[in-house]
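Consider the single chain below, provided in structure tokens and representing the form predicted on its own.
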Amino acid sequence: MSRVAIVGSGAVGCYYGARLAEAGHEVHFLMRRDYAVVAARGLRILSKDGDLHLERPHVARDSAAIGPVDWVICALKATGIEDARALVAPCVGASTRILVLMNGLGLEDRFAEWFGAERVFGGLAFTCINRGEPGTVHHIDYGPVTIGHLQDDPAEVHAGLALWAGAKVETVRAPSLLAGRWTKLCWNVPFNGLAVTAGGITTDRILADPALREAVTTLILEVAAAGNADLAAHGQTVRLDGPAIARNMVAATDAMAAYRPSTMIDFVEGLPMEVAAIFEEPLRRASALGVATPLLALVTGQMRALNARGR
């Protein structure tokens, strides 16, 4: 069993950390807002895959109190990337691996600068998870995690998958982490972006509106085209099938319960949104590679303006 630190114990970090603890790993949660409640009452997961209550989880207010671990799972919001190094560093020892379970593009590169690329992994959670009352997380639908290694080392990917053996989490191998990141953006860009720019609405309302539904497909195709150009620029041969991704993602989102994407929640609560990593960086790469993405540019501009206004 591994010693694991969860840095960023929001909905995603708490859920996946709890599943690892359920599987027998020694999981330490770095907590801020919910520390007192979880320390007193435990961590409760209400999940479609079975509820879970960790009665006495390991919780800490400071990374130094956790110390070096086998795995750091960083599940901060991308808006917290500038704080990530200081929060993660006390948990990094000579053989520590780091799984970046965050939304957006280019985040693993930052961790590589700080800690070395050989120890950095990317995790892509395809799930519907929201926070409830303090100490409670609601897992609404889906839940698989795609695991890749920044250097696409097959042996390291195997080690990343092995961490989840025995946990109630479906894992998928990403032979190309970059392709996995762009695939995740094919969902995050349209559904997070339109949920906000349409006024703070849920996924079912997006797909019920014919114009917004069409915009979802257009954005997916633009993101896939940008991703393919980026993959080619990085010398990778894998390519994204935009039309197939659009069909599958729209069908999967049609089938799930009404969901509030994380960026929409931040928007309605007046919190900083993950605009830079989810929208601006993909648009920057598309522009640099000469890929026309007019709707992505429009939505990114709207998201940037709304983010600035919210602050």
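Not measured: the values here are computed from a predicted model. Residue numbers run from 1 along the displayed sequence.
This next part talks about the form predicted together with another copy of the chain, which is not shown.
Interface membership of residue 215, defined by any non-hydrogen atom within 4.5 Å of another copy of the chain in the predicted bound form, is confirmed.
Contact check for residue 207: every heavy atom lies farther than 4.5 Å from another copy of the chain in the predicted bound form. Not displayed here, another copy of the chain is approached by residue 199 to within 4.5 Å at the level of heavy atoms in the predicted bound form. Interface membership of residue 24, defined by any non-hydrogen atom within 4.5 Å of another copy of the chain in the predicted bound form, is ruled out. The partner is absent here, but in the predicted bound form a heavy atom of 194, alone among 185, 194, 226, 98, sits within 4.5 Å of another copy of the chain.
Heavy atoms within 4.5 Å of another copy of the chain in the predicted bound form belong, among the stretches 168-176, 199-207, 81-89, 113-121, to residues of 199-207. In sequence order, 283, 294, 295, 297, 298, 299, 301, 302, 304, 305 are the residues of 279-305 having a heavy atom within 4.5 Å of another copy of the chain in the predicted bound form; the partner itself is omitted from this view.
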